[in-house]
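In the structure tokens that follow, a single protein chain appears in two forms: structure 1, then structure 2.
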Structure 1
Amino acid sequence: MEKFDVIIIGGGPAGLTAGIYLSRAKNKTLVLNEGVIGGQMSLTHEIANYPGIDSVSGYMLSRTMQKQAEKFGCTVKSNIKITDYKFNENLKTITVNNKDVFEAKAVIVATGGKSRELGVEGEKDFTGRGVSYCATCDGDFFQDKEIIVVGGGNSALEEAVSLTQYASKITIVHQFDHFQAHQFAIDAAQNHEKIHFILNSTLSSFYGNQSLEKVKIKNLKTNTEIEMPIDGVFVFIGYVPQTKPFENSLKLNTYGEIISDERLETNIPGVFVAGDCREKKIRQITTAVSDGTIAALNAIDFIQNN
């Protein structure tokens, strides 16, 4: 059993920021990350609103944060599977890959979220074969192709604009007659010659053989459906918090988000939460970084007082 002062579950911007603060303060810190370092941030094509940085890819910002944490002595383990944990004792334990056990005085849960699915016929069948949730990962597969982007928030409109460097035509399908994005994102999409709109509508099914060939689009006001031949669909309709493993120990709200106090401490003393998996309204990289800072400093305070 390897012992740490703090274990951070999740290697997105919240987790990595916490790792930077903790390790710089000479706390022995471990980041355990089940997926790709950076989380949803690493899948973002361009980040242009991070203070002090003109423009950077999410992948590069993720790597920079990881290197900074490691420079201060933080241990980062990625592509692992957490198979068990015990939070209720004074010393918390986490088991990885059914064999490696790590112990800590405090834990920060920063597991983030995953892309929300439409949940309609054929969606899972064509995921990776025409249906995608990541413009950065899959955009170049659709060079000179016609694609659909589903959603009406900042992510949907901004990623639609980024996809214009590949696709010949992009149709944004949105369930309302208005967008939830900031005006600059709306303007950029509406003023782009490659982008078209179908509003008050949603995708109701996906069809094809080896890969996606067409979709059905349902008008939510008239309930009528049309078929549209299409090469690809990118879905950006929000995120689902990655908190299911903790539902029997940490207090969650009706959306599955972890509830915490202003110190970001959960219902279990010494267990903190940071980032998109916690109960809050605004989810941005900068708010995740803020959460990571607050959780780290309060974890230090918890250790010193206990």
Structure 2
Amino acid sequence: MEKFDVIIIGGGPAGLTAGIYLSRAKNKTLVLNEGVIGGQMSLTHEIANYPGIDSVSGYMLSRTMQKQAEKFGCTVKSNIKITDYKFNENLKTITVNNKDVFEAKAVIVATGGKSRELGVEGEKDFTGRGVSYCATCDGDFFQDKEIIVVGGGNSALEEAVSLTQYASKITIVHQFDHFQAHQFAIDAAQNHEKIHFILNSTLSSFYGNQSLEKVKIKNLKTNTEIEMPIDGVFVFIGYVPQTKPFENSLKLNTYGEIISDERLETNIPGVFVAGDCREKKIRQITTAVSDGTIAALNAIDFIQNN
């Protein structure tokens, strides 16, 4: 078993910032990250709102933050799977890939969030063959084609408007009869001649051969289904916090976000939370970085006093 002062779960901007602060203060620190280092930040094409840097790709900013943390002695392990953990003891243990066990005096959970999928028949089969989650990435494959945008929040409406530069017709399918978006985004979509709406509805299955050819749309009020021939579907139905592995130990709100106090300590002493996975309203790189700083400094305080 390898011993650390602090283990950080998640290597997005929140986790990496905590790693920088902790290891710079000479704490033996381990970052365990399930996917690609940088998290959602690494998926961002261009970051133009990170103070002090004019413009940078999320990929490069992620690599720089990782190098910065490693320079101060932080160990960063990516593409791992946490298979067990015990938070309730004085010394917390985390098992990775069913074999390696790590121990620490404090833990910071910084597992962020990810795009929500519809989870219906055919969705996976046609991802990249008509089903997309990124308008900027795949919009130009749908030049003069008919597409559906699923969702009723700001992202769905704004991306639908941006997709009008390619598609000939866009149908927004939304589960309610009203939108959860800013009025200007609603107005822009409603006033666009290429955009049409099917409300109180959702997609229930995807069909095709080499690529997507049609979908089934289910009316959630009447429970009836219709088939619609379609070239593409873009899904923008929000983000889910990645907190499922912790639901039996950490206190979560109804959205699955981890609840903490002002010091970002959770219901378990010595377990802190930072970034998009915690209960908060604004989710940006700057707020994740801020959380990482606060959680790290309070974790240091916890170690010194316990």
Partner chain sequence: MVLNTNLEHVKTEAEYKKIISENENVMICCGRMGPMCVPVYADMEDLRNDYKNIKFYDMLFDNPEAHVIRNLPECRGFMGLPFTVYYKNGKVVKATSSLQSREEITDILNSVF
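Bear in mind the structure is a predicted one, so any value in this text is a computation, not a measurement. All residue numbers here refer to structure 1's sequence, counted from 1. In this text, rigid core is short for the largest set of C-alphas that superpose within 1.5 Å between two forms.
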query: Matching structure (the form predicted together with its partner chain), either 1 or 2; finding: 2
query: Two-part rigid motion between structures 1 and 2 - turning angle of the smaller part, in °; finding: 30
query: Core-fitted comparison between structures 1 and 2 - CA shift at Thr202, Å; finding: 7.9
query: Distance moved by the His192 C-alpha between structures 1 and 2 (core-aligned, Å); finding: 13.5
